[in-house]
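In C-alpha cells, one chain follows: the form predicted on its own.
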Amino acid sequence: MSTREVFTDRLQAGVLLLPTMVVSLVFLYYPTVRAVGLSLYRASLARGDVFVGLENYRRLASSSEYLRSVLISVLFAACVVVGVMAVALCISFLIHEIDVGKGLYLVAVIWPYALPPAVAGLVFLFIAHPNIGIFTSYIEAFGVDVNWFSNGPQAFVVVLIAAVWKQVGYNVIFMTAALGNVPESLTETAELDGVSRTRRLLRVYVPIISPTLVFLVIMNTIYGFFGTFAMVDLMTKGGPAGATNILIYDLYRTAFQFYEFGFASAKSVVLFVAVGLLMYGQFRLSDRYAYYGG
C-alpha cells in the first residue's frame, strides 16, 4: 500500500510549495534574468551602466584569450568526468566484491568528498607543493621536475587530480548502492559460466547500473565546469600563463578583479547556455544507451 499523501486541495498544495518557489525566484530566476539584462550593458563601478546591446557578446567572440579559456574548460571538464567515473567505478567494484571491512573502505574513500572545496584545495596544495609537498620528492625520484607554479601542463594535471580526488567519493556512494541492487543470481550465473571479473563488470554490471552512471556523468559535468573554482583559486589562480584559467574562474576575475560586471554577465550567460545544451545532449544520449528495465 502506498504511503504517499495526495493533496487534492490546490490551496494547501500551493502553500506547501510556496517556500520552494520563493527560494527559486529569489536565488535562481531573478539572478538569471538580472544577469541576462546586465550583459547588455557596459557596467562598472566607476562609470555606471551604459547600454551597449550585444557589444559584450561580440567582444567575447573576438577574444582569443576567452576562446582559449573555453577550450581549457571543455578539456578540463571532459578529463574530470572520465577520470572520476573510471576511478570510482573500479573502487566501487572492488568494494562490492569484498565481504569483510566494506564499511571501513567506504569511509576511507568518501571522506575527501566531505571536505569543503577550499579545504580540499589546501590539503592537495601541501601534498603536491613544488618545495614542501609530501609526495614531491618521491615524484622527482622518477626524474620529473615538479614545478607546477611555472609549468602550465603540470599545473593543469595537478588541479585535475585534485578535482578527481575530491569528487570520487560522491560517485562511489551512488555506484556502490547501484551495485548492491544487482540481483545476486546474475553474479552467481556469471561465476558458474567462468566470466572474469573485468568482463562481469563491463558486460553485466555496467549495463544494469547505466541509469546511475548517466546521472553521475551529468553531475560530474556540472562539477567540472562549476565546482572546481576553489581549487583553482587556491592552487594556481588560473595560471601559469592561463593554463588553468577555466571559465568559472575567468568569470570571477572579470567581475571582481577587473570590475567589468556587464562583460562578466555576458560570460555567465554564455556559460549557462553552453552547459544547458550539454545537459540536454546528455539526457538525449541517456535515452538511447541507458537501460531502465521493462
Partner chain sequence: MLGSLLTALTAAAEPSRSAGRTTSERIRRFETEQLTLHVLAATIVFLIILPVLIAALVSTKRAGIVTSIGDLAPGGHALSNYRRALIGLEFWRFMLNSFLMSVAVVVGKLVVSLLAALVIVYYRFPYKNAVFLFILFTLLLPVPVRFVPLYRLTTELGMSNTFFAITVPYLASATTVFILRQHFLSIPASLVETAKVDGVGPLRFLWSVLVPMSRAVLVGVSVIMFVYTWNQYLWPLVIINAESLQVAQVGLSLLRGQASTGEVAWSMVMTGSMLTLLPPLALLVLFRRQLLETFTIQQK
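So that the term is clear: the rigid core is the largest set of C-alpha atoms that superpose within 1.5 Å between two forms. Numbering follows the first chain given and starts at 1. Only a predicted model underlies this, so the values are computations on that prediction, with no experimental measurement involved.
One more form of this protein exists, namely the form predicted in complex with the partner chain; it is left out here, but the text below deals with it.
Student: Please check if Met85 has a heavy atom lying within 4.5 Å of any heavy atom of the partner chain in the predicted bound form.
Tutor: It does not: once the partner chain is placed as it appears in the predicted bound form, Met85 has no heavy atom within 4.5 Å of it.
Student: Closest heavy atom of Asp233 to the partner chain in the predicted bound form, within 4.5 Å or not?
Tutor: Yes, Asp233 is a contact residue.
Student: I'd like to know if Pro240 sits close to the partner chain in the predicted bound form, meaning any non-hydrogen atom pair within 4.5 angstroms.
Tutor: Because no heavy atom of Pro240 falls inside 4.5 Å of the partner chain in the predicted bound form, the answer is no.
Student: Heavy atoms within 4.5 Å of the partner chain in the predicted bound form: does Arg284 have any?
Tutor: Because no heavy atom of Arg284 falls inside 4.5 Å of the partner chain in the predicted bound form, the answer is no.
Student: Which one of these stretches, 139 to 147, 77 to 85, 126 to 134, 152 to 160, sits within 4.5 Å of the partner chain in the predicted bound form when only heavy atoms are counted?
Tutor: Of the options, only 126 to 134 has residues within 4.5 Å of the partner.
Student: Within 4.5 Å of the partner chain in the predicted bound form, counting any non-hydrogen atom, which residues from 82 to 111 show up?
Tutor: Result: Ile91, Leu94, Glu97, Ile98, Asp99, Val100, Tyr105, Leu106, Val107, Ala108, Val109, Ile110, Trp111.
Student: Determine whether the C-alpha of Val273 shifts by 2 Å or more between the shown form and the other one once the rigid core is superposed.
Tutor: Shift of 2 Å or more: no.
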